[in-house]
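Before any questions on binding or motion, here is one chain by itself as structure tokens, the form predicted on its own.
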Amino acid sequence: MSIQRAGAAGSRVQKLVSRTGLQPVPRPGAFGSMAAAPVDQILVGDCIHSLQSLPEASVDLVFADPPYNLQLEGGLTRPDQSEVDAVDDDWDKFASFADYDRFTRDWLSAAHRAMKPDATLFVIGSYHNIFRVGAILQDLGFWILNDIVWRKANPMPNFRGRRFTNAHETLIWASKGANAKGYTFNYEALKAGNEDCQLRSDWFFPICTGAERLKDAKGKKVHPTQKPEALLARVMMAASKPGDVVLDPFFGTGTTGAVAKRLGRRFIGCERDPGYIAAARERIAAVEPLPEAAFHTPLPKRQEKRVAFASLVEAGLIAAGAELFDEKKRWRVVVRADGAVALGDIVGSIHKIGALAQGLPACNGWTFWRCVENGAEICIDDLRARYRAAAPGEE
């Protein structure tokens, strides 16, 4: 395979593909600054102008799978001379790196405008483009939270044997700015689904194959870079909540829309290719949403309403005069009627006394102290959860 880098000295200039869409270009803010976002729709046309037409601060999550600018020229063949179905579509061709950078800056700027203050963005790419995308992200004020490696279980071999097998792609996860607060990250749910271990930034999934891969009547792939639904499901379960609006500026055959519908999210897609749009609409229409219990995300602990230990005493969930003890029963304290606890003559909060007993600067008393209820030991945090469930409207 002959590869030349677009924009390099002496390279043949590739075809410059127009980024103009199929439909009349909507004016910026065409849906109105206060209008509802056009959820569960595919906006037909150029992605940049479609993004500019969205209401400002209207989406909760962006997943972007932009052109990679692979810079391929000529065909790619296997050692047996059979042709590889590689990405050679016009939408992946740019005249130069400068042209690609302008395109990237334009769509990222438009996406940034459409994001809510606490929204985040995932953008995926390969070594051909992800470093350029990352630099432009930072230039535009995005704040990178993580880079995530998608390690492919079944990557395409390197047929020439001149390089390492390209077995991964990179996702950049970014907030709208360095001071963005309150973005969604379902830490506890992800940890619970990962055998109670923190989920790492290296993800292992196969590429899209089998029944999931969309094929046309001749058995040819409808889209050359269709992403696996498992990848999109992890993105959404990690960084969105049921009912959130997920924006995909490069909608393709609708993987984002299909997964969003299945997981109780809303979607907005931007796409200009009629064939991709038709495939996406048919695919999404066939999706059956999961029952809510299958995708409901509990409120993160840091967002749960504050409960004072005294409230548990006042509610009778734990009696004044009862003993609290640590898991190894090294220390015991007495619960006072005012909600403090006493370690001998020292009186303080469950947190302060827990830290003092251990000689530490801080302690989470809710998870440190235990008590006896109906003959069984329980963590007092379980009592707090019971109190919250019984009085959900109180602070």
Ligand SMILES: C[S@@+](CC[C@H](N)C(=O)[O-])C[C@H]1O[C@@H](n2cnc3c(N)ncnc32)[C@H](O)[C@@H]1O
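These figures come from a predicted structure and were not determined experimentally. Heads up: residue numbers just count along the shown sequence, starting at 1.
Although it is not shown, the form predicted in complex with the ligand is what the next lines describe.
Engineer: Should the three residues Pro67, Thr225 and Asp273 be counted as contacting the ligand in the predicted complex, with contact defined as a heavy atom within 4.5 Å for each?
Structural biologist: Yes, each of Pro67, Thr225 and Asp273 comes within 4.5 Å of the ligand in the predicted complex.
Engineer: Does Pro38 reach the ligand in the predicted complex, with heavy atoms at most 4.5 Å apart?
Structural biologist: Heavy-atom contact with the ligand at 4.5 Å: absent for Pro38.
Engineer: Taking any heavy atom pair closer than or equal to 4.5 Å as contact, tell me whether Val335 reaches the ligand in the predicted complex.
Structural biologist: Result no; Val335 lies far from the ligand in the predicted complex.
Engineer: Heavy atoms within 4.5 Å of the ligand in the predicted complex: does Phe103 have any?
Structural biologist: Phe103: yes, in contact with the ligand in the predicted complex.
Engineer: Would Cys47 count as touching the ligand in the predicted complex under a 4.5 Å heavy atom rule?
Structural biologist: Judged by the heavy-atom cut-off of 4.5 Å, Cys47 is in contact with the ligand in the predicted complex.
Engineer: Quick check for you: of 196 to 204, 145 to 153, 226 to 234, 171 to 179, which stretch puts a non-hydrogen atom within 4.5 Å of the ligand in the predicted complex?
Structural biologist: Single hit among the candidates: 226 to 234.
Engineer: Please pick, from Phe309, Phe267, Phe122, Phe250, the one residue with any non-hydrogen atom lying within 4.5 angstroms of the ligand in the predicted complex.
Structural biologist: Filtering the options by heavy-atom distance leaves Phe250.
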